[in-house]
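A single chain, nothing else alongside it, follows as structure tokens in the form predicted on its own.
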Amino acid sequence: MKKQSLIFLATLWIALQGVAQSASDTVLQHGAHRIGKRSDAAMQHWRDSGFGQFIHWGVYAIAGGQWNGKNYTGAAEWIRSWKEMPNETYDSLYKQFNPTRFDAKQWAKQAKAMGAKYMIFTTKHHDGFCMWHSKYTDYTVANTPYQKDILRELIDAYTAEGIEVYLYFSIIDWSHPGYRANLVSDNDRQQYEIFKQFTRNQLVELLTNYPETKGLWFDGTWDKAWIAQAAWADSLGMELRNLHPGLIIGSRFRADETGKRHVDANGHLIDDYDQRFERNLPADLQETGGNDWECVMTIPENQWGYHHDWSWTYCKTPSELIKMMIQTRALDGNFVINFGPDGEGNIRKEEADIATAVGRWMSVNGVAVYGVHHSDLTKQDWGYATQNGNKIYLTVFNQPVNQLLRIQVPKSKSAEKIFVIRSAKLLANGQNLSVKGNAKRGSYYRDKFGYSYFDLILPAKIKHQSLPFVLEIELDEINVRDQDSYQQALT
């Protein structure tokens, strides 16, 4: 596409967004092109999905975090950067890549059983090895003993299971002679221009050859060389969006012209959702800035690709991952669990067991995850609440010893009205729960801030569950004078 056309598209897209700048804002050409969340159907579908799977897979899985009997304690996919791993040796590993046990359909079925609604796959990590048949480099799966297009196999399998596919793409590419982390000399700048065109060609190739793609998940964009390409990267993003309407891109792709990443110099989110919460959860809605966001989480402490040895690292349990998922959804984010298959194409047993446990829980309690948003209830000690319409889902991690779950309900905007719990049930079996209103002398107890409280009487059989349970409640707003009749209905 000609440069003039790209500039026109970029200018038109910015104008259509109607970004209003305050007098105190810095005037930016390459910052955020929208203030606030995207409101289109594709973005809403991403929000409603809520839960996804990440797969880190490449030739680094052959080494598996070890070389010559030594253990690499960094992230396994970074092993090429380890002093104990000769680069020329690593760069020849692709000649051994023959994952004969790889079964894309089996992976997809496992992801569906886990409850994942979308999958992010590493098409190319920092080593530059391509898991698709790229015509712009020989360093691809086409030139391995396996030969077949792994990306095509995965997209077909996951799409057949109703799981949407997003493509991870690293801007860092150690295999390309034009790649630079910083531009110091004229030669650096000349070589980097070649690298930029190569990067653009591969991204267009991916969206053209795999039109099922729903979005791009970028990594390796922290280099000074890339940050300095604000105008060019902005134009490239416009080209990709024009090529693939509805494309979803996270906040890692580009910086503004001042060098700010994720959010621009005015504090507005760059692109479509915030990617800063990697292996990290915000404490509250304020920390999210009101943006769409996503948390990608490893099962070990910091292992994305396959590592032979998990004995030296802390690994998360299904209960911990479910708690993180619910916390994420309660704060209007999406949660993604990472898997790192081995060099033969196996998903390790520990990961498969976690997928099974999470899937069993999701098969019962998924309504507390999909299509929900931040609840009207304030955060309470027993766990987290999510909401869909007038239904509120209470995911209980800290079960009270007296089997009375106290719920603080929202305050009514009217002094003449009060919120009450109209119904409550246990999702696991649909059992209706008794509600105990905290009435005192004909009126409900309110604390000094004006909040009212109700107790849900929990059944004895859920006393010793290892995983959290979910309750569904519905609130109703009644006149204060109707409290007595409501209390009688409870009893």
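Keep in mind the model is a prediction, meaning the values are calculated, not measured. The first residue of the shown sequence is 1; numbering continues from there.
Keep in mind that the form predicted in complex with a small molecule is missing from the display, and what follows is about it.
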Query raised in the report: Should Trp304 be classed as touching the small molecule in the predicted complex when contacts are defined as heavy atoms within 4.5 Å?
Result: yes
Query raised in the report: Does at least one non-hydrogen atom of His126 fall within 4.5 angstroms of the small molecule in the predicted complex?
Result: yes
Query raised in the report: Wondering, does Phe54 line up within 4.5 Å of the small molecule in the predicted complex on heavy atoms?
Result: yes
Query raised in the report: Does Asp103 reach the small molecule in the predicted complex if we count a contact as any heavy atom within 4.5 Å?
Result: no
Query raised in the report: In terms of non-hydrogen atoms within 4.5 angstroms, which of the given stretches 202-210, 360-368, 71-79, 143-151 touches the small molecule in the predicted complex?
Result: 71-79
Requested in this report: Report the residue, out of Glu294, Glu239, Asp264, Asp219, that has at least one non-hydrogen atom within 4.5 angstroms of the small molecule in the predicted complex.
Outcome: Asp219
Report summary line: The one option of Glu287, Asp376, Glu278, Asp91 with any heavy atom within 4.5 Å of the small molecule in the predicted complex is Glu278
